[in-house]
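Shown below, as structure tokens, is a lone chain in the form predicted alone; questions about how it binds or moves come after it.
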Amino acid sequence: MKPRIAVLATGGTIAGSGQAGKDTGYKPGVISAESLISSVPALAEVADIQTIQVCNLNSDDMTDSIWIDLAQRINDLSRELDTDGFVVTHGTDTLEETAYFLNLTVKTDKCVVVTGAMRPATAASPDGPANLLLAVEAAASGANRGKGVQVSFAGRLFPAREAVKRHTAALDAVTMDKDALEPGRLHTTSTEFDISGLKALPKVTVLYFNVDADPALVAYAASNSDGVVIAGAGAGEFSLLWKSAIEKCKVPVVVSSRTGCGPVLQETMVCPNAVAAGTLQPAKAAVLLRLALTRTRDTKELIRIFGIY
């Protein structure tokens, strides 16, 4: 018997439609999950596919409530003995955030693979079919069981924690941040996060530091959010004015780097209330902080959590 794979579709460019043969000017999140599957006949040779249309939107419109629904659906389906693995189709703009959220919240060792495309389904040479086929093959393979959520893109498979979009248009835009590769980080069944009773996540704002950036932004974000992530310069640096503003924050503050590569270390934090993001880039640091805030606001506990995920 062939493996049974559940494909959960959320929209994005892989489900985009536009003028036949053109790569641009399309509308994402138009084509249904069933149509996506039927457009790749080779999938039938790999697995028996169950399609689930979770939503159909541009991934810039992704929300925490959809994240929670998606994770809960996977968790529910994972308890069905005849479901062997999962594929999530997704827009590439926020794919890395959704993949990391699932990596922290799904409670199964069955393989979960997130994939997308840089060209719409109506392009002359769409990349979605190949990415989808690889994703289903990976989800159907017993070799990927227990490895956490994976990302399938441009002929390669990446761990969700390290997957990142690094180009606006290239077919291999989604790749791996090798500087963030840290074996042993906890995921899926080994995490402490439980979203089963949640309807929404705490609100976290990401602030990008630049020369002459107004420190009032820090105060505003802190007063309108449950937590703040700073995309600092260099190894998580910012001005003395921002330092003063961060020290006054009454909500947890996590410091990452705007550079795109390399760690931010706890021992270099100049603000006693700041938590180092380690190798997590700002958007993923925000994902982890939102989940961490469902459990604690204590700085020492947050430092522990950022040290193991």
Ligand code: GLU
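Note that residue numbering begins at 1 and tracks the sequence as displayed. Keep in mind that what you see is a predicted model, and the values were worked out from it rather than measured.
If you look for the form predicted in complex with the named molecule, you will not find it shown, but the lines that follow are about it.
Scan Lys165, Arg185, Lys147, Arg73 and let me know which has any heavy atom within 4.5 Å of the named molecule in the model of the complex.
Result of the distance check: Lys165.
Going by heavy atom distances of 4.5 angstroms or less, which of Val112, Ile230, Ala99, Ala117 would be at the interface with the named molecule in the model of the complex?
The residue in contact is Ala117.
Quick one: find which of 37-45, 254-262, 56-64, 239-247 has residues within 4.5 Å of the named molecule in the model of the complex by heavy atom distance.
Looking at the partner contacts, the answer comes out as 56-64.
With the partner left out of view, is Asp226 within 4.5 angstroms of the named molecule in the model of the complex by any non-hydrogen atom?
Flag for Asp226 set to no.
Is Gly85 a contact residue for the named molecule in the model of the complex, using a 4.5 Å heavy atom cut-off?
Output for Gly85 is no: heavy atoms all beyond 4.5 Å of the named molecule.
Can Thr92 be called a contact residue for the named molecule in the model of the complex at 4.5 Å between heavy atoms?
Yes, contact at 4.5 Å.
Of 2-32, which residues get within 4.5 Å of the named molecule in the model of the complex if you count heavy atoms?
If the 4.5 Å heavy-atom criterion is applied to the named molecule in the model of the complex, 2-32 yields Gly12, Thr13, Tyr26, Pro28.
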